[in-house]
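The chain below stands alone, shown as structure tokens; this is the form predicted alone.
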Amino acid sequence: MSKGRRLRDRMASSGLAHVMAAHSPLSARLAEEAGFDGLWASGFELSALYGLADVSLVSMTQHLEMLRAMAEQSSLPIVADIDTGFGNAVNVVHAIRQYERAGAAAVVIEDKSFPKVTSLVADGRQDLVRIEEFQGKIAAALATRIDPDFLVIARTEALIAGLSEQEALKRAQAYEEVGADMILVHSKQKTPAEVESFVRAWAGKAPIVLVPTAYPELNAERIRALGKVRMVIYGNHAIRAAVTAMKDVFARILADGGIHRVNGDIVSVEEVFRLQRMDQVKETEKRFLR
């Protein structure tokens, strides 16, 4: 069974798939152990890992390399955040071939212009491409995929760009018309009212994907009540948790003049060995090192 099929089946059986952002094989493995349904190969998180702004500076090659590494270390379906598709429809064709081969279960493509600016930054440039141009990108992705269960998710940034709900619905409908499997809608309002209104007004058949980063009160119970949402992505919480923990530990070590106080509050080296599967290395050594 392909990972695309597994992701589709999970949405069908549970009604709502919970997908956690990851930026490394280690974070991917931790998300799987925690019990998430899938991984979000986040462009924002990978950009942050490299110390770069999320403005199309990370290349497709860099993103693909990390996705492959995560796919090797986790069995979870991976939803690849490929931003604007790295260019026009010709670039999208190349990208879909590469991401499907790399082990992705789905891609999300957004209707911003290239290079993009991350969605939630204050006063960020949020230029959208013409509807017809983005329809071409979605159609190109669908025509290129080999596995029919590989999901092509169209993300409209109309609300992020400050446009009306009517414009967001118009764009979503246009993307569904060319075959998009799902519609992702995002907002940078501090309450979920805007996206909830969009979901209630959505008359299409394509299921909705939400990313409740800016409005954390939109929990699973509230999302399920909307009735049309089949996937929720926790889009940047892995990197934020990592930054929080590292800042705290680093500050404590300097303040304490050593590691003697903090040592008992962090995971042991043995736990890291477990995550590295050091037991398998030991077993291999016993069998083959002569």
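So that there is no doubt, residue numbering starts at 1 and follows the sequence shown. Just so it is clear, the model here is predicted, and its values are computed rather than measured.
Note that the form predicted in complex with a small molecule isn't included here; everything after this is about it.
Q: Examine R155 and determine whether its closest non-hydrogen atom to the small molecule in the model of the complex is within 4.5 angstroms.
A: R155: yes, in contact with the small molecule in the model of the complex.
Q) With the cut-off set at 4.5 Å between non-hydrogen atoms, does D111 touch the small molecule in the model of the complex? A) D111: no contact with the small molecule in the model of the complex.
(Q) Quick check on R171: any heavy atom within 4.5 Å of the small molecule in the model of the complex? (A) So R171 does not count as contacting the small molecule.
**Q.** Interface membership of S74, the small molecule in the model of the complex, 4.5 Å heavy atom rule
**A.** No, S74 sits far enough from the small molecule in the model of the complex that none of its heavy atoms falls within 4.5 Å.
Q. Pick from 25-33, 38-46, 224-232, 246-254: which stretch has non-hydrogen atoms within 4.5 Å of the small molecule in the model of the complex?
A. In the other structure, the partner sits against 38-46.
Q. Pick from T118, Q98, S197, N88: which has a non-hydrogen atom within 4.5 Å of the small molecule in the model of the complex?
A. The option sitting close enough to the partner is T118.
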